[in-house]
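This document starts with two versions of one protein chain, written out as structure tokens and named structure 1 and structure 2.
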Structure 1
């Protein structure tokens, strides 16, 4: 999980100098583990085997580190998912796969959750606005492809996305409240049927 440079593999016994990307990756990891509050310079420095002073060579302050981590997040948690799903030609099946990923990621990746809660932070708010527009646009386009008129497609896309978000949050905070195993598949099928019905 530690941020490693590609060029020269580095182990804890003989470590090289750090790059800004090392700090940003470590920050994104920390954000997933403990939210924005866990993006703390001193603990990260300890984890990377450096001093706080080193950090301030690469970044002007903690806020700049958060910004860099957020840029990585936009790539990893939105574009990567959309790219992965884009190969599937049937829009109904694409929708199904998107929702399945939601259910699967809900337990694993708490970053969406912690970022939504940190919307008061200006940099977080800006990243959220971009990511939300991108996701809602993508899902609405799916419903358009399925044959719904534009207005209805946006509404259904919004319902699908809010349900996705809420599901992710519950999976992170209160996992026992979500159906499990076969019951989860039945639930998901029911949701998709409800969303796709004319």
Structure 2
């Protein structure tokens, strides 16, 4: 019954309750599924059970929606993840949790891969630059906390991030080439062990 209700278009009172965040989340999901080209007002309105009028209540145009979706990506896939792992006091365990969480999230959602494929778009390029700088800075700081000199910490942070991106791309392009389940966790532990080895 609940599943049927979820598929039923919203009534007009529900349409009025959609927020800009609802639209941004729907656009972000569409980006993950089909890249930047999948962000189109009419299909998103249908997905949300809304009208185009609801969209124009919150956004002046598609570019404004794309910007809001990219800000949401930054918030959910970078800042929230950093906040979640920051509670761990041990920097080595924090690094491990960060990489495992990032690998798990990227396996379930191809947003990073889709956004990298749209890097030529100016708004996407700007968001990628901000997110990459934030992620690299955070991971490098973890290596600094582990006792590596600053230059080495930046180098290892870059290596960790490029390993994550490569793992993410391969996981979506040729998933059978990567270990699965417990073997995947052991593999990722081996990657982390390699990264932190003096």
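In this text, rigid core is short for the largest set of C-alphas that superpose within 1.5 Å between two forms. Positions refer to the first chain, counted from 1. Small disclaimer: the values here were computed from a predicted structure and weren't measured.
Note on provenance: structure 2 matches the form predicted on its own. With the core held fixed between the two structures, residue 61 has its Cα displaced by at least 2 Å.
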